[in-house]
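Presented as structure tokens, the chain that follows is alone, the form predicted on its own.
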């Protein structure tokens, strides 16, 4: 399953809800303001690092760039739009709003 998180963890609980229901072999994609969770040095770093040890965690590169995020949590992979499409095509999607 592909879980998509597009809300900042600083504003909403979408990331926490996603992680509470994610299962082994699931993928998590952070995009739009959800990429703030991938920023290194925030209070969410340990949560995201732990998640990256259990699941494949991705952050959309263009959204990281648009928000000026250049240092991300270890274990988070950066993907482009083509990668987003491939993830969506290969998985059932579960959006966390």
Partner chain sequence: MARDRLTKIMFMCRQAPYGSVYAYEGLEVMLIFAAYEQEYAAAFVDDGVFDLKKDKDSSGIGMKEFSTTYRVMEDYGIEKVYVDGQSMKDRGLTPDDLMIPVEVVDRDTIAKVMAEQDVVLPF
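Not measured: the values here are computed from a predicted model. Numbering follows the first chain given and starts at 1.
Keep in mind the form predicted in complex with its partner chain is missing from the figure; the text below concerns it.
Put simply, residue 91 is far from its partner chain in the predicted bound form: not one heavy atom of it is within 4.5 Å.
At least one heavy atom of residue 67 is located within 4.5 Å of its partner chain in the predicted bound form.
Mapping the unseen interface onto this chain, residue 53 falls outside it, with no heavy atom inside 4.5 Å of its partner chain in the predicted bound form.
Contact between residue 63 and its partner chain in the predicted bound form is found at the 4.5 Å heavy atom cutoff.
Of the residues in 31-47, those that come within 4.5 Å of its partner chain in the predicted bound form through at least one heavy atom are, in sequence order, 33, 36, 39, 41, 42, 43.
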